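The chain below stands alone, shown as structure tokens; this is the form predicted on its own.
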Amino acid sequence: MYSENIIKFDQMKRYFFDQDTSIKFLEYLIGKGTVIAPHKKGETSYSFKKVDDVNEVVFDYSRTIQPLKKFFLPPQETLLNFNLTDNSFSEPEVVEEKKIFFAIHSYEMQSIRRLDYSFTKGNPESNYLSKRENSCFIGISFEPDEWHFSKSVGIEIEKLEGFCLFFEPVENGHLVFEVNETGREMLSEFGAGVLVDTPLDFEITDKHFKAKIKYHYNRLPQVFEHVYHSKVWDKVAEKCVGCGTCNLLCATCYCFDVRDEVDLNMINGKRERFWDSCMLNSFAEVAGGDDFRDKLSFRTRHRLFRKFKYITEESGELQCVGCGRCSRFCPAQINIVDIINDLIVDYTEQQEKQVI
């Protein structure tokens, strides 16, 4: 059975790129702006970084360690510089450069869309939005591993929203699809690749996900309406070490801490913000030492409610994109899919008791 996104491919112009053509296309992109793509990091890990050598770009990868958000919301960022002598301050200039993000998975693209929502609501966040300007994204398909579950939260592998081009691996190369006008102009200017007008001896099929949530994603907010006092939170807390890795590597978390640092001369200083995590024991601490979420079970509950209820009620979209980072890199081997499925069991049992 084909997904709606795969069916859409039949209506798009598509080109065949062999490996050499793909490399030449990357060289072409470097001439158009700063290109950011996945690279190998160590033996088994990957990282998004600026492309200096096109031959180091990785097309086939599971996920990067840090999400794409680091280019728009850096882990550490100077907000302003100040002088205590004359009480003056200045804001660092945010350079708006052309950025092309290459070989991006659909869940990663969808995480940026969700951050766009969060940073444009209320008072728009100028630093994020300035860095977000002049960015375009080229997607690529991938094979799900044991931690991916993006389909369970409504994000197909071939979800095209946000991309200008999309690469689909085929034998000896890639099919490249024109998703929008920007992509069409890129391919036209590049002037390479073989236009495919007739069906070839292959077909794009749905990929198999090993990790699955038991309920359709549209039902998850309803589940969270009834599991605030679930025993599942205590069960998870027994394993959790409160390190905050799940938040800090999350593609859609955006909480940060702001600190003022004064130089040794006691005159100059700077105000910086750093990624922060609601799983850390100091996150909800206030003056006097009170902590409104002093237990790991409370913090775990808050983290998941932010993904599946609180923001979802406003935006209409789940804030988890199913990248699997929080499960893949958790030192306590806590799996978010297992948590949700346990909550579904709890919810189901509650509903059955009401019927009886």
Partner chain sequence: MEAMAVESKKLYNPLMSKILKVDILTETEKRFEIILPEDQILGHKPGQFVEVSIFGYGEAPISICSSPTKTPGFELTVRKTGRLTDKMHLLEKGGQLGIRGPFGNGFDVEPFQKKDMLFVCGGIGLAPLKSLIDYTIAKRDDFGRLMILYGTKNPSEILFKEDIEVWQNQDDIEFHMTVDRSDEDWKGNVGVITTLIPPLKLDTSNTIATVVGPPIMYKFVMLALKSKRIPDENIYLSLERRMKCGVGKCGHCQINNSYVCQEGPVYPYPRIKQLEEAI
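On a predicted model such as this, the values are computed, not experimentally measured, just so you know. Residue numbers count along the first chain shown, from 1.
Heads up, the form predicted in complex with the partner chain isn't pictured, but that's what we're talking about next.
Proximity to the partner chain in the predicted complex, taken as heavy atoms within 4.5 Å, picks out 120-128 from the listed stretches 120-128, 236-244, 212-220, 151-159. Although the partner is absent here, V170 is not a contact residue: none of its heavy atoms lies within 4.5 angstroms of the partner chain in the predicted complex. Within this chain, E178 is remote from the site of the partner chain in the predicted complex, having no heavy atom within 4.5 Å. The shortest heavy atom separation between M186 and the partner chain in the predicted complex exceeds 4.5 Å. Of the heavy atoms in Y28, none are within 4.5 Å of the partner chain in the predicted complex. No member of the trio K40, E97 and C330 reaches the partner chain in the predicted complex with any non-hydrogen atom inside 4.5 Å. A heavy atom within 4.5 Å of the partner chain in the predicted complex is found for exactly one of S88, N265, Q76, T205: S88.
If you take 262-296 and check each residue for a heavy atom within 4.5 Å of the partner chain in the predicted complex, you get V262, R271, R273, D276, S282, F283, A284, E285, V286, A287, D290, F292, R293, in sequence order.
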